[in-house]
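One chain follows as structure tokens, the form predicted on its own.
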Amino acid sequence: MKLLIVDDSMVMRNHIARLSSDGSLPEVEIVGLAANGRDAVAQARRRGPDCITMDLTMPEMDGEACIGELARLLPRARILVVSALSDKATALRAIRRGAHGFVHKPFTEEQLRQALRELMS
């Protein structure tokens, strides 16, 4: 399972990468780290990820716009929103655009791993 991690925070990108590659999810291969939606779309075109973690609040192209673009570009890819925005309207908009799940920041290590496992099944 090829994973693309999208978040404008380098700390958060690295945190998700560490949790995804520590051996607890052996089927995950991280194929890219993107700091904004434009970079995410470019990397997705080159690397064809199966799964994407997506922040919503980012510069250059926000997560909602990026989800829509990625859903058109890679309709089989599974998108997990990982965001501090927790209201139901935001989550529903992300789902309507093509997201498959939502994890609220801050999250526990197990919450993220479980969400990724569910996304991959």
Partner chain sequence: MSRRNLRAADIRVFSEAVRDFFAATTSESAEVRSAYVLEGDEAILWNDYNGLIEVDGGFSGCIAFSAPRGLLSHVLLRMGDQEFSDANHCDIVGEIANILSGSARRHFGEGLRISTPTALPGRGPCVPRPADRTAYAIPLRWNGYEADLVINLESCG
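Positions refer to the first chain, counted from 1. Predicted model only: the values in this text are computed from it and were never measured.
A second form of this protein, the form predicted together with its partner chain, is not displayed here; the remarks below concern that form.
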Sole residue of 58, 44, 34, 94 within 4.5 Å of its partner chain in the predicted bound form, by heavy atom: 58
4.5 Å heavy atom contact, residue 108 to its partner chain in the predicted bound form: yes
Partner proximity in the predicted bound form: residue 113 to its partner chain, non-hydrogen atom cutoff 4.5 Å: no
Exercise: residue 25 in contact with its partner chain in the predicted bound form, heavy atom 4.5 Å: no
Any non-hydrogen atom of residue 73 within 4.5 angstroms of its partner chain in the predicted bound form: no
Triplet 10, 18 and 84 all within 4.5 Å of its partner chain in the predicted bound form via a heavy atom: yes
